[in-house]
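Below you'll find only one chain, the form predicted on its own, shown as C-alpha cells.
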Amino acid sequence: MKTSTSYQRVGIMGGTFDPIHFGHLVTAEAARCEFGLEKVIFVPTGYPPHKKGCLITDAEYRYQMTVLATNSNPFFEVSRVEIDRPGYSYTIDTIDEFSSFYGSKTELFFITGADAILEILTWKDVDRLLCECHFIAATRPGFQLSRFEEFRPKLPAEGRHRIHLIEVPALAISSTDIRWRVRNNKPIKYLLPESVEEHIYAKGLYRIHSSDVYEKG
C-alpha cells in the first residue's frame, strides 16, 4: 500500500471485476458523493470463496482492466491486497488490512451489491465484520426493498444500522452479460470504458477455451 494519509471516510469496492464496467464505476461515484467518501479503493478479488469451481479470468488481467477503467478519476485507486494475498479472499481480512493501515479515526465503507448483502450471513466472521465497517448496498431499479427489510432482523443487532441502500440505475449492466456478448461476437461498446474494451480484445479474453482462466475449488 501507499503511505497512509489521514482520511475520515474511505470506500472499499470489492468485486471480481470480470470485467469491470460502467455499472461498477457509476456505483462507486454515487456512493462517494452520497456518503462523503474522500476516495474509493477498488479491490479486485484474488480467489473468491463464493465462486469455488467457477472459471474466473486471471487476476492480473482483471487488475489491469480495473486500473484502466479508474485512472481518469482522481478519487479512485486500485489495490492489489487480495490479489497478492495467498489463499481465498475474505472481506474480513481485507477490512482488517485497511483498518490497520488507516487507523481507527477512518471510517471504512464497503461497497457491494444488494444481492450480495442478502448473503452476508454466510461471510467469514460476519459479526466482527459488521462492527468494523459500514456497508453500502447498491440496488438496481425494481429491486424489492421488502426483501432487505425482511432480512434486516436476521442481522446482528449491533450491525443492522451499518448497512445502507443506494439505488444505481447503471447496475442493469452485468459482467456476465458482457462475457456472453464477447463469446458470441456481440457488441460491448458503451457498456464499459473503451480502454477496457480494447484490452479485452487485445488479450483475447472471454473467448471459449481461452487459457486466461483458472478453476478453483
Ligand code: ATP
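Because the structure is a prediction, the values reported are computed rather than measured. Start at 1 with the first residue shown and count on from there.
One more form of this protein exists, namely the form predicted in complex with ligand ATP; it is left out here, but the text below deals with it.
In the model of the complex, ligand ATP sits within 4.5 Å of a heavy atom of R140. Residue contact with ligand ATP in the model of the complex: A31 places no heavy atom within 4.5 Å of it. Ligand ATP in the model of the complex comes within 4.5 Å of a heavy atom belonging to L171. At least one heavy atom of A116 is located within 4.5 Å of ligand ATP in the model of the complex. Across the options 31-39, 157-165, 174-182, 64-72, residues that bring heavy atoms within 4.5 Å of ligand ATP in the model of the complex belong to 174-182. In the model of the complex, not one residue of 65-101 has a heavy atom within 4.5 Å of ligand ATP.
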